[in-house]
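In structure tokens, one chain follows: the form predicted alone.
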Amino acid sequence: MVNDQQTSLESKDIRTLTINVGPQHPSTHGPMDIVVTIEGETIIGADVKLGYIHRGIEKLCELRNFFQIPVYLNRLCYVSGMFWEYGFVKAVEEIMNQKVPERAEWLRVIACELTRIASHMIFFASFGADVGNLTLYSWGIRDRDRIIDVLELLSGQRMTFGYFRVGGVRYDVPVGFEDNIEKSLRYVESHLRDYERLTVENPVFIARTENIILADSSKALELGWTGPLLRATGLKRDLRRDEPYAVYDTIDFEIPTGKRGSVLDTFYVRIEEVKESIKIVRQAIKRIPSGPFQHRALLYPPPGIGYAHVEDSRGECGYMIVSDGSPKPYRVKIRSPAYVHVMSLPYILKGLKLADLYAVIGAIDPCLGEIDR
């Protein structure tokens, strides 16, 4: 009888354990449930469950007229709102064949690059919390606040901007904007060396991140990755350079890349992107022309289909819009880069240690608002 019980127990896999990480766990950057199967400390399987904050933004857009919609879109990613406004108005402008004043194009570049800096500061802060580096958390929040001050001067809002309009932007720059923006850029720039010393030059941080490989470049392309995550594998893919829009084709900037697609590479790429965004904003401030900042658009677009994408701080932010000629869009479909990256977690996590899971999620930098859209 004893032998039979022992045989029965041995026939079952009692070495594995299935646990939930989420949905309330702060390390998931929002309510996301990851069901992982572990053997000892090694992850042998993972399943991602989303939908905990689903708000139906796409359907809300189909129930509003075209000029009411942009105020909803900031909420898709609450730390990267300018890009989500931009992608939508760009798609509508494509259907309308709407021209945008040159001054407005430069203002759009300034708004987006400032948002990229602010978003990456949130990445630094949240990643620091994920891996136990609370100094990094406080620094990221501190520096982001200076950039948000400038975005508030530009748009009147600190997070949900409502700045982009079909045919241009909502406001021109206020008096003294150039001086304020330069002060904020210098403030952030003066601290970047400290970030490097604390992270990419820190032996403890390097040991925690350099051997966690997310994917190589061929696998990243197969999975549909874009943005810093793809560039961390060594590929120089950036919509601002490869499919230029606004006035990016006239601006001098580099596209930082990593080497192995490690968590450390993703951090390095974002630090370098902050430097490049500062360079872009300074060029834009010097070269912005005089003239109108908005052209009056039609009340609503004619029947047609438009697709537009921009280089968001997390990757390719895209909108497919179908117009039937009425004041409301017939269909709005949103392409979220964070969704693509998060759904790659089962591939990434297999074979890693449980403690590495939080570093991986931090490296992906997901925004659950744009995923549960």
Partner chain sequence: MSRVREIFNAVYRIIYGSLLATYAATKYLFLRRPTIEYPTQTIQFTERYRGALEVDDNLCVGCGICAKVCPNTCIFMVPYEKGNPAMIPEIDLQHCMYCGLCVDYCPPGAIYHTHVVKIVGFKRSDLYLSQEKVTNVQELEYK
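Positions refer to the first chain, counted from 1. Since the model is a prediction, treat every value here as computed from it, not as a measurement.
In what follows, reference is made to the form predicted together with its partner chain, a form of this protein that is not presented.
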Does its partner chain come within 4.5 Å of any heavy atom of S155 in the model of the complex? yes
With heavy atoms only and a cut-off of 4.5 Å, decide whether R142 touches its partner chain in the model of the complex. yes
Hey, in the model of the complex, is K279 touching its partner chain, heavy atoms inside 4.5 Å? no
Check R170 for me: does it contact its partner chain in the model of the complex (non-hydrogen atoms, 4.5 angstroms)? yes
Pick from 110-118, 158-166, 281-289, 254-262: which stretch has a heavy atom within 4.5 Å of its partner chain in the model of the complex? 158-166
Of V71, I122, I271, V247, the one that lies within 4.5 Å of its partner chain in the model of the complex (heavy atoms): V71
Contact residue in the model of the complex, from H295, R103, R75, R240 (heavy atom within 4.5 Å of its partner chain): R75
In the model of the complex: members of 176-208 within 4.5 Å of its partner chain, any heavy atom: Y187, H191, R193, D194, R197, L198, E201, N202, P203
